[in-house]
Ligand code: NDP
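In the form predicted alone, a lone chain appears below as structure tokens.
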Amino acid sequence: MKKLVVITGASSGIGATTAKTLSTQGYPLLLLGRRIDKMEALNLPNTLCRKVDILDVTSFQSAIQEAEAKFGPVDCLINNAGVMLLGKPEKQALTEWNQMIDVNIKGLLNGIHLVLEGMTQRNHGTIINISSIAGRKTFSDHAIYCGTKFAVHAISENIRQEVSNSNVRVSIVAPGVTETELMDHTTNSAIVDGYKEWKKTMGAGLDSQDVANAISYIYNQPQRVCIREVVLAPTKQDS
């Protein structure tokens, strides 16, 4: 049997599609998310689905320990869970800022903390952090979201450097506009409408399968090869 892969935010979008892709390749999976019914509906073999809030370290750790008892140590963590709450910085609620900081940064760090020491001890492992083009450049109404994704880039690159001698890989996948539920989180209808109009100028966003293919490509390289970052976007996305 291949080694265990853990995917956060696995109930829809990139997470669910990546789960299906890696399952067809024979990987046992631990799927974590808020909507366990959607994860279970994927009906994937050698897969545990657990309703876990990634900010709750205790339940996060318990799910990992359960999966490791069944499938062996975590070999790959895909930090996919995230929220995007676009807003005008002078008007947006502080609660929305805090939610993005908590999920996009603290939740990601919780996952890394739970698996990284074991990976360095085994001299083997891969962490793939799903970021965004908004972690490389700024966009209107994205101030705090961009800040969280810039943080993901900095954290990923710094940790990659520090664990490289332990043969552990840390990679970033930074998609542009993608057809997922991410925009559903934004509460400002005018911003949502503007985003949809912008997306029309490029035809459509990436399909979640496009991003899953990039994740699969990174993970399935020989362990001696670390794809540090993949940036992908619709060809007609000019920013």
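In this text, residue numbers run from 1 along the sequence as written. Because the structure is predicted, anything quoted here is derived from the model rather than measured.
Absent from the display: the form predicted in complex with the named molecule. The rest refers to it.
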Using a 4.5 Å cut on heavy atoms, which of Glu68, Asp53, Asp210, Glu40 is close to the named molecule in the predicted complex?
Asp53
Please state whether every one of the three residues Tyr27, Gly72 and Val170 places a non-hydrogen atom within 4.5 angstroms of the named molecule in the predicted complex.
no
Interface membership of Val103, the named molecule in the predicted complex, 4.5 Å heavy atom rule
yes
Report yes if any heavy atom of Val83 sits within 4.5 Å of a heavy atom of the named molecule in the predicted complex; otherwise report no.
yes
Looking in the predicted complex, any heavy atom of Ala63 within 4.5 Å of the named molecule?
no
Considering non-hydrogen atoms and a 4.5 Å limit, does the named molecule approach Thr178 in the predicted complex?
yes
For a quick check, can you give me the residues of 29-46 that have a heavy atom within 4.5 Å of the named molecule in the predicted complex?
Gly33, Arg34, Arg35
